[in-house]
Ligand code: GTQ
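To begin, one chain is listed below as C-alpha cells, in the form predicted alone.
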Amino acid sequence: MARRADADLIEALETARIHPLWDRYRRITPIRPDAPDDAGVWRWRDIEPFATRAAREVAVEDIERRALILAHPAFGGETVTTGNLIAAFTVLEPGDRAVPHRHTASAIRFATRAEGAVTIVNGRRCAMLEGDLVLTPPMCWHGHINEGDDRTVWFDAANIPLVNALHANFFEPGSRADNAFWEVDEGDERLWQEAGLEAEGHAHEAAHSPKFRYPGTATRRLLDAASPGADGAKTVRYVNPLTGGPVMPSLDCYARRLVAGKPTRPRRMLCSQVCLAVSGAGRSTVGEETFEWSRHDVFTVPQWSWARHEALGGDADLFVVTDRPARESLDLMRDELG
C-alpha cells in the first residue's frame, strides 16, 4: 500500500500531541450511536444460589455492602451493567446492618423479597415492602437493616459508571458504632405521603425528590387505573412531587404493565435502561435478540436499541430505571416509536 502523502505530517503532529481531524473524523464523529453492548439477561434462578452463598460466607460486619452486581461482558471486565448504569441485588440476613455511608452517585432500591428490611435515608425510616421504591439521592446518608426473621433481598441500581467516567465521585463512610443512626422514625417522609398535597413552610432546595419512599401499593393502584400509552404499555412514572420531573437529576424510574395479548410497538431511546421483572412473565426482542423472562429476572435495553415487549400468560409488570435525565440535560435525548 502506498504511503499517504500526509503521513510525515500526521506523525509529526502526533509527536507534538496534536491530532489531525481529517484522518479520524469518522471515528470521533460516528454516523449514529453504537452501544458496545447487546441486551444483557440475568435470571433470578441463577442469581439466587449466589445470594444464598454470599449470605452464608460473607459477614456483613466485614464489608461495605453484600451486593451482587450484574456485569455485562461487553465492558471488558468493568463493573457496568449497561451504559451509565449498574444493577445489583443486595442480601441481608436477619439482624444484619449495612453500615451507613453516602456518595455522589444516585441510587435506588426496589423491594423484591425485602419484607422486614428498612432503609434509613437522611434520618428517615423507609420500610421496604413489596414493590416499594426507595431513593438514596446523591450525598444523602443511608444504611440498611433487616429487622425480620428471614433473609431479605432487594434490587439496586445506580449511575456509578457515569459518575466515575466524569471523575466526579466522592464517598464518605459512616460509623458502625453510631446506634443513633438507626433510632429514627419516618420523620419528614410523612410530609410527602399524600399525593397532590404540599405542607407550607417545609422548604426543599435539593434537585432530587423530597420524597424518598414510593409505596408499591400506590404504584399498583395507578397501574390498574391507567390506560395504555402510545407504545401499548401502561406506564407510570415516579416523579419529584414538587416539579413533576424525574426523581433525581440523573436517574428516571418507571413502572410498566404489559397487557396480556397486546405486544408493545417497537421503540428506541437514546438512554440506557435496566428492566426488572416485578410480576408475571414475558418475552422481549431487543436489537436482534429475543428472550423470555419471569419474576425477578433482569434485562437491559442498551441505548438506541429497538425494543419490543409482550406479556405471556397474563399481564406482566416491569420496573425500569434509566439515565434519561442525564441525556436530556445535555440535549442528547431521542425517543422513537416504530
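Residue positions are given as counts along the sequence shown, with the first one as 1. Quantities reported herein were computed from a predicted structural model and do not represent experimental measurements.
We do not show the form predicted in complex with 2,5-dihydroxybenzoic acid (GTQ), though everything after this point is about it.
Note on the interface: of 63-71, 299-307, 282-290, 50-58, the segment with non-hydrogen atoms within 4.5 angstroms of 2,5-dihydroxybenzoic acid (GTQ) in the predicted complex is 63-71. Listed residues D96, D231, D156, E189 were compared with 2,5-dihydroxybenzoic acid (GTQ) in the predicted complex; D156 is the one with a heavy atom within 4.5 Å. Here is the short version: of V236, A88, L162, A127, the single residue with a heavy atom within 4.5 Å of 2,5-dihydroxybenzoic acid (GTQ) in the predicted complex is A88. 2,5-dihydroxybenzoic acid (GTQ) is not drawn, but in the predicted complex it has no heavy atom within 4.5 Å of H208. Although the partner is absent from this view, H101 contacts 2,5-dihydroxybenzoic acid (GTQ) in the predicted complex, with a non-hydrogen atom inside 4.5 angstroms. 2,5-dihydroxybenzoic acid (GTQ) is not drawn, but in the predicted complex it has no heavy atom within 4.5 Å of R213.
Looking at H142, you'd find a heavy atom of it within 4.5 angstroms of 2,5-dihydroxybenzoic acid (GTQ) in the predicted complex.
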